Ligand code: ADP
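Given next, in structure tokens, is a single chain: the form predicted on its own.
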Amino acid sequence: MHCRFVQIAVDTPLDIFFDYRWLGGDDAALPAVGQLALVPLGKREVIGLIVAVSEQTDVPPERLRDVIALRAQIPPLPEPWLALCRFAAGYYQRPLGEVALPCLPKKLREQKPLALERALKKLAQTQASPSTVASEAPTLNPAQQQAVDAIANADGFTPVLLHGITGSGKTEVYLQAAAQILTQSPAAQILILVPEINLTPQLEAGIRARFPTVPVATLHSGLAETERLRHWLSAHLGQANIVLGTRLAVLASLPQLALIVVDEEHDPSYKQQEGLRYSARDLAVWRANQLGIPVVLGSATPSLESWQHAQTGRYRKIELTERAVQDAALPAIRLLDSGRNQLTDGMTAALMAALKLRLERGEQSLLFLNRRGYAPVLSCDACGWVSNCPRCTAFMVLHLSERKLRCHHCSLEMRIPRACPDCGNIDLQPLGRGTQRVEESLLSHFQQARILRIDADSTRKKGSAQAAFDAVHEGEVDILIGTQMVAKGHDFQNLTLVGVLNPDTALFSHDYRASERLFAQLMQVAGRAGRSAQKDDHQSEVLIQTRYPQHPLFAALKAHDYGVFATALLEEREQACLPPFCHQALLRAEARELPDALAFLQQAALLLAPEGVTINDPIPMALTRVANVCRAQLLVESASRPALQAFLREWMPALRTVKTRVRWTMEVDPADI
């Protein structure tokens, strides 16, 4: 009989480990660090992670409880993975259990291992020998070949910023670098991250076509739990050579990891906005450094943090300045002054003429408007009533096709009123335009055109987004209307016109990152045009309707010059002492009444006297009330990341001692302020 004492992390907000006793027979497997175990916790039985094994414990015997069962069916999670979780827990100020356990498949954390055993049996039946045989790849241009060689032949930790214009063939660089690495080390694993689920099918199809005999796993929240377990196991067991996923895949167990690729590294979707509020891009860089492997950050519009690292030499910058397809050229960008030109249904005559011309040529067009619904607000001209959400400090958006008003923050739905609730006026008017209203206008102007709208409303059903994108790729759509879902990663070969409606609101946002994100968004959506070889003199175009055509952002955009824009923005950030020239943490508080949230934050600000750290005054959040919960925030800043982290390590335990009914969360490196 063996007796061991194990320390176990469980998914709980308590920043402590629990000691258990393990009693096993002589033929039983010994517990190991990184192994999962079923243990009692209060009146429940939960799966925990063993973080230490010892021959003795300080816990009195009468307080010890026994491990119920070990998950010995799979190998323990490797030490590098545990180190990654420990780093994330320490940096983002969360308990280890809240980091390590939620990133595992739910089926792996069930009390009974039936799903696990079935998945292992299925993997054993389908297991194939690793193969590095790839199908024939296209010839690279010199810049692409240089990038592939730099990545595949990197020695140790090498962070590479692959700055390539839209359509420059960054994906081909990823694939050919992966092929070289797999040729050199057939058991190696490649992790490729994409920002959104709807980008995975197209890339996965390309990977499977290029590597028909190489095991590929996908990891994202859209998978069924049984499927996610099987794919996770294939990665954990080293069977999958290529793992493709969204941000959660950065926390997957990959024992033979040799290369990490973060595609569209600038995308805000890489930052988790609830629970463990981690940046998948930043964890990818840390993980590559930990393992001594290359990491590729690819983007046409890199984040300012990555751009600054490249400028200072911390990252190696490789540029792709030409489109990969021969004779394909960047589209010409024209600004249409919507203040001087009369608008018809929200569109200028020049944009309408351009749409008509593309229809006559049999080419595709894209209208980009990052606002779904029919109209942002319903109003009464007689008394000034507007469709405010009764639970949020936001408007309820008009969804005319569903005959509803819907809040996009709390999801409250109401019927469209027959008359103004305040004065009884029956002539209620929609203000502004959403994608549904643009679709209605185009259907009236181009009755023979095949028009498709892609946004969160039209793609609610599983598989509907991919079906819609397939229709565009197959030429079954003449005019595509979409939000940010269509702005990146899609290779529309016959699309020659992009029209951008109403981008101006981001120019005057309270968020200091708004202009950076707007520039990236516009450059990305512009890059959907002209990706195939030009026909005669039919140059692709991007038409942007704006009331501020003289704004410097648009000048850099017209020149397709991200470097000029980024340099100017970095100078502004440095003068204002904003990231990446300072480091921030944000304490958020939620309560039924705003004064309660502000009072808690004021109390929190007085808990410690920091050195080298600035604690700003608590303020209400920009969207102050959501679902009848009031929200406020307290920003903490420092020019030194170590100083900020040292302060947070003292501050968090102090915050946990405060008795309050206010719900609070801490976010390190906040994406939105």
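Please read all numbers here as calculations on a predicted model, not as lab measurements. All residue numbers refer to positions in the sequence shown, first residue = 1.
Same protein, other form: the form predicted together with adenosine-5'-diphosphate (ADP), not shown, and the subject of what follows.
- Residues of just one listed stretch (136 to 144, 79 to 87, 571 to 579, 368 to 376) have heavy atoms within 4.5 Å of adenosine-5'-diphosphate (ADP) in the model of the complex: 136 to 144.
- Using a 4.5 Å cutoff between non-hydrogen atoms, Arg531 counts as a contact of adenosine-5'-diphosphate (ADP) in the model of the complex.
- By the criterion of a heavy atom within 4.5 Å, Gln493 is counted among the residues contacting adenosine-5'-diphosphate (ADP) in the model of the complex.
- Although the partner is absent here, Ala514 lies well away from adenosine-5'-diphosphate (ADP) in the model of the complex, with no heavy atom inside 4.5 Å.
- Proximity of Val386 to adenosine-5'-diphosphate (ADP) in the model of the complex: non-hydrogen atoms within 4.5 Å are absent; the residue sits far from the partner.
- When you look in the model of the complex, the only residue of Gln93, Gln308, Thr166, Gln545 with a non-hydrogen atom within 4.5 Å of adenosine-5'-diphosphate (ADP) is Thr166.
- Think of it this way: in the model of the complex, adenosine-5'-diphosphate (ADP) has a heavy atom of just one of Arg433, Arg287, Arg277, Lys170 within 4.5 Å, and the residue is Lys170.
- Of the residues in 322 to 336, those that come within 4.5 Å of adenosine-5'-diphosphate (ADP) in the model of the complex through at least one heavy atom are, in sequence order, Ala324, Val325.
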